[in-house]
Every structure is written in C-alpha cells, then in structure tokens.
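First, one chain by itself in structure tokens, the form predicted alone.
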C-alpha cells in the first residue's frame, strides 16, 4: 500500500476483525492502482514529461529570464577538487563518495565545478556574474524515504556588489526559484553544514528542498574568489516530493519501478 502512495490515515485505520481489514485494503489497493494507471495514461497522452523534467524546464526558464547563464560541467571530479571543499580522506562525506579511480569520483555536488568557473567568468564578464547548473550527483546515502544514491541538483550562484545584503539576496533568489515552479508553502531557516558551516535552508514542512550559503567564506581563498557571492542548491526530486506530496522520494527519482511517480508493477 505504501508503494502506491497510500495516505497515512489509510494505513492507520482500525478494523473490527482481520476479514474487514483485508477487504478494505483490497478495495483501497484497487483504487490506488487505478489512479496510477490513470496517471500513466495522462503522462502518455497529455504531459509527456515527468514532473522532475517539467520542474527543471520551469527553473531554467525562470533563471535565464532573470539573467542567469546555464553552464554544463564534468560529472567526473578529481580528489583535489573535493579537497578544496575540505572533503579530504578523513572527512565524513568521503565515505559517501563513489570513487571511479584512486583520484576520480562521481561528483557528490555541483559546487566545486561552479567555484572553479566563478573565478574565470567574473574576470571575463565582470559583475554581476550569474550562473547555474542542473545535473546528476551521486552519494552513498542511506536508502531511506528521503535519500537517493543518484539525484539531480540545481545550483545557482551570483557574484555582485552584495556586501551587507547577502542574506536578503538569498531570500530573493529562493523566491525566484520557488516562484518559477509555482510553489508557495516554504520558509527559510538557518542550519549547519559539514562543508559550509552555517547555511540557510529552504524548507517545506520538515523537508529540506534546498540549501544556501554566501561569501566572503572560508572556502573562497582556495578558489581565488575575492568578491561577495550568494548561492543556493536545490534537489529536483525533493521539489517533486513537495509538489506532489509523495511519501517516498524514490517515486520521483530515476527508476525502473516508477515512472513519473506511478508504480509500474500494477
């Protein structure tokens, strides 16, 4: 039942006996399966793109309209690039990295590549310098309801004359991204990160949708960055969970069991 995204109140119902329970669950299972079939037909005949892809397009359109430039960077990342983010051999996040070779891994985040580009692009373009990337990242996460080994990140970063207004600009950029997908029920809270220290997270209920940081920051010197900046990273699958109300993030991820949130073995 949970694989069909049954509501919690359905699973928590109390019955007079096992027969009544089984009959009710069979009926509910049929109804849920029918909804999944209807959703798959809608995907085939109407939307033709999974929600995560549609969210990605909306975010790209919103960001480019606001002056951000999309970039595309390598998925393979060197150990040295991770080290510049303080993720060295003894860092807790190292255990979550998928190593391809001794000194190369599948990127667990987009930030190192964007940091690398920031220095050159602010020199070539001047300020403001606004870029973003959308692409897959990989981590050996727990197989819980809110974690994926392979997920899609959108990171945006801006360098400008922002001294003293970094936090307010972060709020504006969070509003820009959330407005692009038409999502209103969110808030910003301060939190702690193993890489950035203090972060400003974008939350929907208890679900973290994204996390922002700003500079000057202790990491900047590693990359030759001297200007104030702000940046936010969003998980597209988490955005899909918030929009659709999924109970399991695997419904929104890359999968051979689900398509656009609908279970296939029905």
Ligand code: ATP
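Keep in mind that what you see is a predicted model, and the values were worked out from it rather than measured. Residue numbers count along the first chain shown, from 1.
Not on display, but discussed next: the form predicted together with adenosine-5'-triphosphate (ATP).
- Listed stretches are 54-62, 220-228, 235-243, 37-45; the contact stretch with adenosine-5'-triphosphate (ATP) in the model of the complex is 235-243, by a heavy atom cutoff of 4.5 Å.
- Against adenosine-5'-triphosphate (ATP) in the model of the complex, the set 147, 208 and 249 is in full contact: each member has a heavy atom within 4.5 Å.
- Residue contact check for residue 141: one or more of its heavy atoms lie within 4.5 Å of adenosine-5'-triphosphate (ATP) in the model of the complex.
- Taking the partner from elsewhere, residue 153 is found to have a heavy atom lying within 4.5 Å of adenosine-5'-triphosphate (ATP) in the model of the complex.
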